[in-house]
Structure formats: structure tokens, C-alpha cells
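Encoded as C-alpha cells, the following chain is the form predicted on its own, with no partner shown.
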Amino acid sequence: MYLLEHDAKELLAARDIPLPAGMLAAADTPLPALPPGPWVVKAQVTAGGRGKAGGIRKAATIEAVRAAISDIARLHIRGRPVHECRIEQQITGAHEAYLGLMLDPAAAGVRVLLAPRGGMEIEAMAAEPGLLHTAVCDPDQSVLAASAVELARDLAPPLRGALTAAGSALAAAFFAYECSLLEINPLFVMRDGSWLAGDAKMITDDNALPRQQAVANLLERRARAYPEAHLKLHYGCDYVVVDPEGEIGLLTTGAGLSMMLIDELRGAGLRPYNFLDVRTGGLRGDPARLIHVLNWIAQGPRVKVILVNVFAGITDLGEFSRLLLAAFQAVPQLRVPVVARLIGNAIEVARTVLGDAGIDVVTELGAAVTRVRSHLAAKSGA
């Protein structure tokens, strides 16, 4: 889960990471009590480049804060609307550095990135010879902290001490929250060697939510900011609307296969409504998850056909088919044609079960797409 800056900082504060004082505000709510000014007003979106897009503004008065929130709330930054802003104290007289930790799957470790100058994008740092220092470490907290010490070894004080201390603190938070990315840019270094996390980018592992109580609690409080992650926490599957005007509701399993299917449909000039990894292995004789999914798809105003795409290994397609029919009966508002592409265990049973309900089963994607296109054409001509 890609956390908004404010929420990432809330989690970091719980780990005693030093931060500028700040709070959350929205254009349609009263302004909360603020820390002493002047302030910086920052758009809360899960995207970089906020400053270039006008999503970060300084304010010296309460009136300027209100005006900044109002202006920023009208922005879309990299296609994402701004619903909230973080208002925090401006930090002056500090040096800006950079520190990041990220999983490196190719190296089977964690990459530590450190630069004596921050405030710019990581790509720009990498382009300047000698600016970005990096190392890949074993996924161990003490090893990461030691790596930060080594990378900062040749820096002058107070940078060396601040980045060393920050490396140790961030390594602990990285593992505590099971992050795939934790990036502080800028990392403010004060003249006395103390430091503050000026900005925070944090991505956590959704699959770790059952054991990450602090992240799960935040998600419950902030469900409106993270609707897809909240659905996953409560319903055990991944669901995202990818095109609000899409015409094809997808009932699919396997994240990679679902993304590939979306690409295939778009490549064929068709408009899928949603991404879904329903995780058939977790159904266990209960159609409830499928009912939830069909109810979500039914909210699509232009959905005209359902495409079921399931590769079954341990899943029994006969049982899945019976559960699917029960789910459709429970969602009477979704009365559209169904195309079922099924492959795997108990396929012949599935053919019989779905065939008796008037749903043909195909095994080839090309045949499924052809049938989807035919149903859409018939709907358009009706």
C-alpha cells in the first residue's frame, strides 16, 4: 500500500522518527489548530512531482493557508485528485539530504540509497556522478544500519552523524512495518547534527496486513483514502476500478493474469471496467466473496458483459461454477451476458454446470474475446 505522506509520517512518529509538526486538513472542513507558523501546505496524493504541479505552497498567514488549501484541492497531480493537504511547520536553516531503503528483488536484498543533497528526484541524483551512494544488503536491520554508516563515512559533519542516525532509525521502521520502500527526501539536517524527515514516501506490503496492526488500524480510520486496500483487508481479494466507463466486468483470479487480460482487451479496442484477483482458493464453499465482487461490478454504469477468466490448479472448477451461479442469483441487478473462459481442474464438470445455466465455457482467450465483442455489438444494436 502506497501511503499518503501524512499517514506515513503518523506511522513514523510512532517509531520516534523526528518530524516537522503538522496535521491534516481538507477544503470542505474547518481548519484545525495549527502549530506555530510559518507553514507549508502539501497536497496529499500517492505521486511524486507535487511541487512542480503546484501541490506544495508556503504560507505565512492563516488566510494564506486557507487559500493554499482551496487552490490545491482543485488540482489533479499525475491524474490523481487532491482531497486533503498536510499543513506543517516550515523548516529553515537546514541542509537537505536524501536517504532511501527499498527492496531489490533481483539482488534478493534491500538497497540503501544515500545522497548528501536532497530535494530532487532520484533519477536526477543518479545522473550526477558521485552524488548518489548505494549498496545492496542482506535483509537484516543491523546490516542496513551498518551500510548507512559506511555510505556516510566520507561525508563531513554534521551530515555524517545525522545520516548515520537516520539510517539506524529508518532501518528499524522499514522492518517494523514490512515496507518495500521507505524514502525520506528531503531529510533535513540541522546545524547541531539533529535531523527531521521533511517528506516521507512509504510503501507497505498489503499481504502483511493481518500481522501489521498499526497499519490495519490506520487503514480502518482512513478507509476513504485507501478504498482498494480496505476492500482487500475485509474481503480477501484485490479489486480496482480501472475505467469508470468500462463495458466489461472482469471476474478473474491471479494478479498477473488479470493485468495481462486487461492489456489484451485494451489492445483489442475493448474497455474493461475493473481489475480483480478474486483468489479462488479462499472461497471454500461460500459464495460470499463472489457476491461482493458482483455487487461492486454492478456499480459500473456501462458494464454490458461479464468475462470470467479462471486458471484452476487446486481450485475445483465444478465447485467454483456452482458458487458463481449462486452469486449471480444473489445479485439480481446484474443481468448481463456472461462469457466464461476456464482452464484446469474439473473443467468438464464446469461445462455441465454452467451449460445448464446457459453459459458456454471456452478455453481459448481469442474465443472468449470474440464472444465478448459479439455481446457488446448486440447490446449496442439493441
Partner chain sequence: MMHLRVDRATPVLVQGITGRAGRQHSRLMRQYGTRIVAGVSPITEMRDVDGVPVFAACGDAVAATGATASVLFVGAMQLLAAIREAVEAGIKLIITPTEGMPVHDALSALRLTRAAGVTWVGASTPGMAVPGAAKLGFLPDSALMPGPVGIASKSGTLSYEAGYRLAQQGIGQSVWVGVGGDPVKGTRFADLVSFYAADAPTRSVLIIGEIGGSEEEEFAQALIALRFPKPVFALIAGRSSPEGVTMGHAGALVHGRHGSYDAKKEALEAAGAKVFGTLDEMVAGIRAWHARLQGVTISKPAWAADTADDPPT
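Keep in mind that this is a model prediction, so the values were computed, not measured. Positions refer to the first chain, counted from 1.
Keep in mind the form predicted in complex with its partner chain is missing from the figure; the text below concerns it.
**Q** Evaluate R224 for contact with its partner chain in the predicted complex, applying a 4.5 angstroms cut-off between non-hydrogen atoms, and reply yes or no.
**A** Answer no; every heavy atom of R224 is more than 4.5 Å from its partner chain in the predicted complex.
**Q** Verify the contact flag for R284: yes if a non-hydrogen atom of it lies within 4.5 Å of a non-hydrogen atom of its partner chain in the predicted complex, no if not.
**A** Residue-level check for R284: yes, a contact with its partner chain.
**Q** Flag Y235 as yes or no: does it have a non-hydrogen atom within 4.5 angstroms of any non-hydrogen atom of its partner chain in the predicted complex?
**A** No, Y235 stays farther than 4.5 Å from its partner chain in the predicted complex.
**Q** How about R211 - does it come within 4.5 Å of its partner chain in the predicted complex, if we only consider non-hydrogen atoms?
**A** R211 belongs to the contact set for its partner chain.
**Q** Of D205, E150, E220, E128, which residue is found within 4.5 angstroms of its partner chain in the predicted complex when only non-hydrogen atoms are counted?
**A** Residue within 4.5 Å of the partner: D205.
**Q** Could you tell me which one of P116, G198, G300, G254 places a heavy atom within 4.5 Å of its partner chain in the predicted complex?
**A** Flagged contact: G254.
**Q** Among 178 to 186, 286 to 294, 152 to 160, 84 to 92, which stretch has residues with heavy atoms no more than 4.5 Å from its partner chain in the predicted complex?
**A** Only one stretch passes the 4.5 Å heavy-atom test: 178 to 186.
**Q** Give, in sequence order, every residue of 298 to 321 that has a heavy atom within 4.5 Å of its partner chain in the predicted complex, or say none if there are no such residues.
**A** If the 4.5 Å heavy-atom criterion is applied to its partner chain in the predicted complex, 298 to 321 yields F311, G313, I314.
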